[in-house]
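The data below hold one chain only, encoded as structure tokens and taken in the form predicted alone.
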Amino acid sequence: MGFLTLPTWFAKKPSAARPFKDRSQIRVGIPKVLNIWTTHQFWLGFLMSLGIASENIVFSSDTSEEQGREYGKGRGTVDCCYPVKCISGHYGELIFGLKKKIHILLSPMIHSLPSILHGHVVDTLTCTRVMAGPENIKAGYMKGRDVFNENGIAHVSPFVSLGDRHMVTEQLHSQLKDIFNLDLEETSRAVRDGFTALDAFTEKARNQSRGILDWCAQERKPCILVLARPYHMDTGIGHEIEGDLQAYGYPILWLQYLPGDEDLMKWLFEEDLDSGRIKSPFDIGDVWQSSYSSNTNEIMWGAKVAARCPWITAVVRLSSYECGMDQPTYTPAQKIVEATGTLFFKFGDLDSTKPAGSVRIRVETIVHYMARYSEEIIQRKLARLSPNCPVPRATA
């Protein structure tokens, strides 16, 4: 009978440590479109947590006519929404326009969004046309022949509910496990890191907006709030109208990063809270009952904030051509803003071409009205609010 002790001692045992998965050389391209504009930090944090090097995460450039003409021509699909149509140019840039090829084109179908209004509205869903956009555009690259396969690129468009965090790990694991060789534990960790990165960025941006309001109060200066959807930050879709206004010295606040500090919100909405008209400063039930759409909800809330905040003396509304989600909000948002005498200007039906001449004339008009009426608007709004202002103000 053989003596089995030594073979047993020295036999190779299975390691308790998980096998190392080197993903550092994988290159991932992300089209910088639609709701990626407010969720990009999640995807960066998620991918970097999986071991993908930051230099190998590539976003497409801002939308432009040249991008669409050079890379998206002939790949378009039937859709009247320009922010969706222009995705074909972003896809083409990532597939054909990079010196170093990508391996994966990640274009998530985002079903719901994180929102400052979460818990105070019915839901935070995205526009269905926007959500389905990635699969819509993918079809344009697979008619006739599979362009992704020809270029050795895997197209993945995970359906993900970023507004319902408890669902995200399972959603991304089930749809990305074969692409990235994921297990559930590392997916959970990556999702956590993604939300940590997103929350940190959002908090920093909101703090900077609060700093702008503080500066305006101390310097007795007005600022402008942009009411728009996230993709209007794209210079090829929003056409940098806010930049033209900022050039005249007026600070710009974006709706998506308005400060939600408790002291400021209670001061602005004190009268509504005391009267029982709303339950929270983030409650929009008094002006918008069908609060299902995340970006629409925030537009209505932003209009309420602008109407009350003394130093926001003008609102600039941006909207793309024939946006079905925006159309029902035009009149309510304008009425809310103008109810306190705040200036309201709308740039509707934005498309691929910037009408530079008319934009310049309208910008000059806005600047003229702000210079003439801002001081009066600030004083009128301050008179309506409690004297216990939480924002440090200049002494008279």
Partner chain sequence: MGQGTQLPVVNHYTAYKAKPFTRAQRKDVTILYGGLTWKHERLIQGALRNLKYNAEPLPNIQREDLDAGKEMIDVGACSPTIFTTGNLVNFLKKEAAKHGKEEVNRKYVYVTAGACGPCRFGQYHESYSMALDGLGLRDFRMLLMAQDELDQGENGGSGLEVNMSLMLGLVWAALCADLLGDLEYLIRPYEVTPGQTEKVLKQSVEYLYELFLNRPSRGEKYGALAWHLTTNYFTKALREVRKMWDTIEVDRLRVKPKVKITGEFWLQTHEGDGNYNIKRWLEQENSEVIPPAVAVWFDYLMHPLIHRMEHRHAYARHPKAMQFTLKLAERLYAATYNRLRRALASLPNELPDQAELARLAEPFFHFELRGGEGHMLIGKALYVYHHKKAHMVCELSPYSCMPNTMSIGAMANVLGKYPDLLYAPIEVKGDSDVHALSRCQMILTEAKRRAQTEFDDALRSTGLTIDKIRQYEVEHPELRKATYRVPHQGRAGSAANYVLHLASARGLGK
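On a predicted model such as this, the values are computed, not experimentally measured, just so you know. Positions refer to the first chain, counted from 1.
Not on display, but discussed next: the form predicted in complex with its partner chain.
Novice: Residues in which of 289 to 297, 94 to 102, 239 to 247, 218 to 226 have heavy atoms within 4.5 Å of its partner chain in the predicted complex?
Specialist: This holds for exactly one stretch, 289 to 297.
Novice: Classify Phe344 as contacting or not contacting its partner chain in the predicted complex by the rule of any non-hydrogen atom within 4.5 angstroms, answering yes or no.
Specialist: Output for Phe344 is no: heavy atoms all beyond 4.5 Å of its partner chain.
Novice: Is Asn136 part of the interface with its partner chain in the predicted complex - any heavy atom within 4.5 Å?
Specialist: Flag for Asn136 set to yes.
Novice: Does the 4.5 Å heavy atom contact test between Asn151 and its partner chain in the predicted complex come out positive?
Specialist: No, Asn151 is distant from the partner.
Novice: Mark Thr331 yes when one of its heavy atoms lies within 4.5 Å of a heavy atom of its partner chain in the predicted complex, and no otherwise.
Specialist: Heavy-atom contact with its partner chain at 4.5 Å: present for Thr331.
Novice: Considering Glu185, Glu203, Glu271, Asp263, which brings a non-hydrogen atom within 4.5 Å of its partner chain in the predicted complex?
Specialist: Checking each option against its partner chain in the predicted complex, the one that comes within 4.5 Å is Glu271.
Novice: Have a look at Phe195, Tyr257, Tyr321, Tyr71 for me and say which one sits with a heavy atom within 4.5 Å of its partner chain in the predicted complex.
Specialist: Contact with its partner chain in the predicted complex is made by Tyr321 alone.
Novice: Give a yes or no on whether each residue among Ile26, Leu44 and Pro230 has a heavy atom within 4.5 Å of its partner chain in the predicted complex.
Specialist: Per the other structure, none of Ile26, Leu44 and Pro230 touch its partner chain.
Novice: Note that its partner chain is not shown here; using its position in the predicted complex, name the residues of 332 to 369 with a heavy atom within 4.5 Å of it, in sequence order.
Specialist: Contacting residues: Pro332, Lys335, Ile336, Ala339, Thr340.
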